[in-house]
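What follows is a single chain, given as structure tokens, in the form predicted on its own.
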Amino acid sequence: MSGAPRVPASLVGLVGFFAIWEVASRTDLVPGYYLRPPSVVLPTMVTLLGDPEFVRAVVATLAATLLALVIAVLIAVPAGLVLGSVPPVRRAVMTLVEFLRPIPSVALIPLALLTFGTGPDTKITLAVYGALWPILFNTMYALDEVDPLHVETARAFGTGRLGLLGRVALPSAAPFVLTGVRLSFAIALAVVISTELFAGGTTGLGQVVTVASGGGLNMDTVLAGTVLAGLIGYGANAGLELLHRKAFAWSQPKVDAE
């Protein structure tokens, strides 16, 4: 066997992307002054992570994202359980839900800034709005997958409607809910950073990118912040996937050994 380091299969696409980016920048296929190569951007990112102000900005962005995600879960899971288990309620509100869902959070940034100002409330509110939908729909449609036998067995033992939701529906829906959370984290992070780009009075990674982009003089910093956002999203997704496999191994499809 060769002693050369091997790139994990899950990282092949990312490594290939950075390689193409490097070549495109070094060969002037794109303006190298603006699209700095990864060999410059990645060291810049490492250097910035030693800057306390930059770290505070990253922490502010992460804190807003996580808070928005928690609020979205607290709203979407109970709402999804109700919509998935009470048909009259579902019929009454689904038109409103389907009207609101396609409206992108970023389109609401100007209105939110005028309404809430440039403080953290704005980016958190918009991130909650964007993160709500994947969790809501995954919870709602997960109830369609609940085994009717489990429901009938619980009813036979005298379990009421609330008991069915808490003891049968919610455990069965939990893997779907976590998948929704995984999707919603990326949405919340993108919305928080997008809002920070426009909210001049807030602290966050988006504001660092905005300041650095002024005059086009610090594009390595701009790209370092952008790459860091992508790495945060990648790390969160990988962590939540691992949690899903560990916590809900029973929900994974079984592969028969030959």
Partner chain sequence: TLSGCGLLGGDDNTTSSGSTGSAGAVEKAKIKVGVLPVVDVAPFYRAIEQGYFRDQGLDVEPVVMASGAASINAVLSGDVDVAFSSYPAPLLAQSKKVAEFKIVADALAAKPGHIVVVAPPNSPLKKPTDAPGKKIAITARNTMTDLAPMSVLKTQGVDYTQVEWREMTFAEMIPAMERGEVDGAVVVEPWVTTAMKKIGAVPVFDGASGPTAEMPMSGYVAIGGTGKFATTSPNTIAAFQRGLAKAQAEATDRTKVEPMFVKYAKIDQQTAQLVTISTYSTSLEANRIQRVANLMQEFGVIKGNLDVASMIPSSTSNK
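Numbering follows the first chain given and starts at 1. These numbers come from a predicted model, not from an experiment.
Although it is not shown, the form predicted together with the partner chain is what the next lines describe.
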Is residue 47 close to the partner chain in the predicted complex, meaning a heavy atom pair under 4.5 Å apart or at it?
no
Residue 60 within 4.5 Å of the partner chain in the predicted complex, heavy atoms
yes
If you check in the predicted complex, is residue 114 within 4.5 Å of the partner chain, heavy atoms only?
yes
Look up in the predicted complex whether residue 69 has a non-hydrogen atom within 4.5 angstroms of the partner chain, and give yes or no.
no
Of the residues spanning 24-60, the ones with some heavy atom within 4.5 Å of the partner chain in the predicted complex are 31, 33, 34, 59, 60
